[in-house]
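Given as structure tokens, the chain that follows is alone and in the form predicted on its own.
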Amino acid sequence: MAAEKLTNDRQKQASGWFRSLRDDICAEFERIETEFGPSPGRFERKNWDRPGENNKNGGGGEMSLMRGNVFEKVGVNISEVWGTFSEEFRTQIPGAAENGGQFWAAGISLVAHMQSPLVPAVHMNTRMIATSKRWFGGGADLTPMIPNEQDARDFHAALEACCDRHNPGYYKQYKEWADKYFFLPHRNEPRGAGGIFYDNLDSGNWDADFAFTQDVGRTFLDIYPKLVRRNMKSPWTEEQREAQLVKRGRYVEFNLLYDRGTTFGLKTGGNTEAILMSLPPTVKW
């Protein structure tokens, strides 16, 4: 019973953190909208429930979506779900085959598509999953529409400093993982400027793993708004807008063909609208 309670306490800590981070990110993005000019965008929130029976299979989440003058479309979603994986899917998840496919998962997922082609799109998510095992995963990556070496350097420097605060080997490992993960094999090209990606993080020290996952979120909240403010008022051309829309097509291809989060959400009965909020509002091929 003690182990059961300890697990539940940790799940509550993680779920509470994802909600708190969501609130901080939304507030900061709304401040950016206010700084940019009149009629600023504001987030609209929508709850969703995952059908369940007798508290054995259920949960849900909350979508926060904003369409503004800086953020053409940004979604910041949180979720907490539990239940039983299908027999087919449980073989793909660590520890799920050993406990009859039972799982609990919570996390935050963010994707921002920007009005200006000079402001990079971005993705960030962190999560905790529990089966017969328990681990963290997530990361963040930058997708410039128009290449900007300074933005990419600053983004990576912030993530490297974050990783180094916890383990000097993390940045190299997680950057390489991101480079491999955020890649479109059918086009033989990366999705963007990369970042970090990690999964199955269970060092044996839950508190340390949770602290790192929290720091990834805080680091994102610090560096990305700086990049937005740096570029959001710079003039851009119709040719750059066209390039932006075509680049977004690559984003769609990756998320529908390769993204693990999309697969996990759909396989576990998540809310389709929330899962596909990552898709851009306007796109060309």
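Remember, predicted model here, so these are calculated numbers, not experimental data. Numbering starts at 1 and follows the sequence shown. In this text, rigid core is short for the largest set of C-alphas that superpose within 1.5 Å between two forms.
A second form of this protein, the form predicted in complex with a further copy of the same chain, is not displayed here; the remarks below concern that form.
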Can you pick the stretch from 35-43, 213-221, 22-30, 252-260 whose heavy atoms fall within 4.5 Å of a further copy of the same chain in the model of the complex? 252-260
Could you confirm whether residue 186 comes within 4.5 Å of a further copy of the same chain in the model of the complex, counting heavy atoms only? yes
Mark residue 67 yes when one of its heavy atoms lies within 4.5 Å of a heavy atom of a further copy of the same chain in the model of the complex, and no otherwise. yes
Quick one: is residue 73 in contact with a further copy of the same chain in the model of the complex, heavy atoms, 4.5 Å cut-off? yes
Though only this chain appears here, would residue 267 touch a further copy of the same chain in the model of the complex if you measure heavy atom gaps against 4.5 Å? yes
Whether 230, 240 and 243 jointly form a contact site for a further copy of the same chain in the model of the complex is the question; each needs a heavy atom within 4.5 Å. no
Scan 255-285 and write down, in order along the chain, each residue with a heavy atom lying within 4.5 Å of a further copy of the same chain in the model of the complex. 256, 257, 258, 263, 266, 267, 272, 276, 279, 280, 281, 282, 283, 284, 285
Aligning on the rigid core, do we see the C-alpha of residue 19 shift 2 angstroms or more between the shown form and the other one? no
Would residue 276 count as moving between the shown form and the other one, using a Cα shift of 2 angstroms or more after superposing the core as the test? no
